[in-house]
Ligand SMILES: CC(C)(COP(=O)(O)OP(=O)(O)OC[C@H]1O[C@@H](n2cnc3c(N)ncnc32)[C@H](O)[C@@H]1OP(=O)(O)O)[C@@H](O)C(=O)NCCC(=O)NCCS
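One chain comes next, on its own, written as structure tokens: the form predicted alone.
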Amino acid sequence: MSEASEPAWTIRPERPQDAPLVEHLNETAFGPGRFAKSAYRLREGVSQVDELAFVAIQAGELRGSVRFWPIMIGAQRALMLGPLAVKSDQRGRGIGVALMERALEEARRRGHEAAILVGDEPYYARVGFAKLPSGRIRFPGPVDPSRVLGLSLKPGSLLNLSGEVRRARLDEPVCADSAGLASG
């Protein structure tokens, strides 16, 4: 069987038994320093949006994953994309873009209005993300404003987003009132 005729990856919803593999992939892709980043700190004590978590599988192996988290921007609910991770030897095959397209399609179907992320615009522009005006949304920690990107899942929804980015819901009482999210 030639390389071109090998079966491609399959994208499916993340299952509970995938979680350890996804965590290992994220650890390998981003290292321990990821926990200090503002985007990761917004996930502390909050559950991911399970219906928007997808994995790419090929030949029974995890090739990549994407997750989304609920956030608030000012008084508006939104989604934060990430982490998006693809095994290093699988990069450049379109897996990351395919994962995002599938998850964003589901987010639209479920009525979500907007998504943001912190990342490289040339890559994320492939699925429609664009740089947000500097200062319109503020993270509770250091973030390079040129890397803050947004996507309207419903026409015009980004026009209303402004303010402080914070957790949308807290699943663990220890994180009440954004404990541990000091500015600066």
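Quantities reported herein were computed from a predicted structural model and do not represent experimental measurements. The numbering used is simple: start at 1 and walk along the sequence shown.
Quick note: we don't show the form predicted in complex with the named molecule, though the next part is all about it.
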item: Candidate stretches 152-160, 118-126, 45-53, 131-139, one within 4.5 Å of the named molecule in the predicted bound form by heavy atom; value: 118-126
item: R91, heavy atom within 4.5 angstroms of the named molecule in the predicted bound form; value: yes
item: Partner contact for A39 in the predicted bound form: the named molecule, 4.5 angstroms, heavy atom; value: no
item: Exercise: A103 in contact with the named molecule in the predicted bound form, heavy atom 4.5 Å; value: no
item: Partner contact for L62 in the predicted bound form: the named molecule, 4.5 angstroms, heavy atom; value: no
item: Partner contacts in the predicted bound form for 73-88 (non-hydrogen atom within 4.5 angstroms of the named molecule); value: L84, A85, V86
